[in-house]
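Starting off, we have a lone chain in the form predicted on its own, written out as structure tokens.
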């Protein structure tokens, strides 16, 4: 059974930050869980590398766009390596195979009659790489970049979205395409109902934007961001290259993303797939933004958190755990940086780490041969339900509760005072079985630490486990 999941491809103009890390760690936890259950998993992430903003940024640094992209894409790879992200493929939209496939997609859309050249006048924000309406402006400025958009008048190729909107609406309403959580589904249906979505530009004149994929039927135009970017989800798994590989993985089981790209993924993407006569993805989960200590993440405020800095302080596994333990996935929420230390100490150093040390030390000291029990089926079913609902916080909550229950059990049974060898074996076997279940549960979140514990428990003679979570200095 296959499971194909994706993160958004991150804009290469950005430095990797905690927002990127959050979505990517979620995807990695899911990938590791599904592999743990014996499924064949393909986990895709990558970078979005074309557009005017890239060319402008490269020019400011005295670099060619490709060299600029190479430099910044590498930073994402370094960050994901630091966080122990187990992606199966890292796609870049400047990859040659991807660009070839984008050319084919444009030609197919053109040949099928879904592209039309029109003159367009609009307000374009380079920072957003999109056209804005007057209603979207705040005091004449882009609400995100606080800059006035540029008035643009040019001939572009438009995708006939209007021909597909009724079908897209019905697919979402019937949950043939699942948009989660339901508030996001309703948001998309509301957008379609208000008739605020029209045909959209899929190209820009080379004279305005030179850094992009040249259209095969119009050498004066290059691909505009969304056809190029969205198609990564199919090009990464063999579209236009390997039909068997493509049929193996597509459609995607889950697209993960933040709320700012909801419209493009929930409306534009299924419409493009319908136009290309390709199977539709199954589910999109759209999470909210979060603030840092009550403030919007901003370079100006100085609260942009570098995930590598977190890894340097807490270690990769603890950082992953801390990112996903503060609030339910999907909600708009506030990350309180001061709680990282508190949670690290309570849950990891004094919780899981201490339980590992106590149990393995008692087993080694008493030379116990553990009696292993059958897997806890009811527990596994409960955890599976949480994963289906993407409630990672509840998986963590259940694991923490089980660690605390194990600690209480040890204190109540006092194995260090036990003189009956059979009873001592029974008590410590129960402790070892609990520790195994807890470690298997935490493995997707903390793969290195949990694997070290499981390796320790799998030895014929169990010895005291390693110091998993050193005290913070």
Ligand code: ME8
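Numbering follows the first chain given and starts at 1. Since the structure is predicted, the reported quantities are computational estimates derived from the model, not experimental observations.
There is another form of the same protein, the form predicted together with the ligand; it is not shown, and what comes next is about it.
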Proximity to the ligand in the predicted complex, single hit among 289, 379, 110, 97 (heavy atom within 4.5 Å): 289
Partner-contacting position among 363, 229, 115, 271 - heavy atom within 4.5 Å of the ligand in the predicted complex: 229
The ligand in the predicted complex: contacted by all of 11, 17 and 258, heavy atom 4.5 Å: yes
Interface segment, criterion being heavy atoms within 4.5 Å of the ligand in the predicted complex, picked from 258-266, 170-178, 147-155, 370-378: 258-266
4.5 angstroms heavy atom contact with the ligand in the predicted complex for residue 28: no
Exercise: residue 233 in contact with the ligand in the predicted complex, heavy atom 4.5 Å: yes
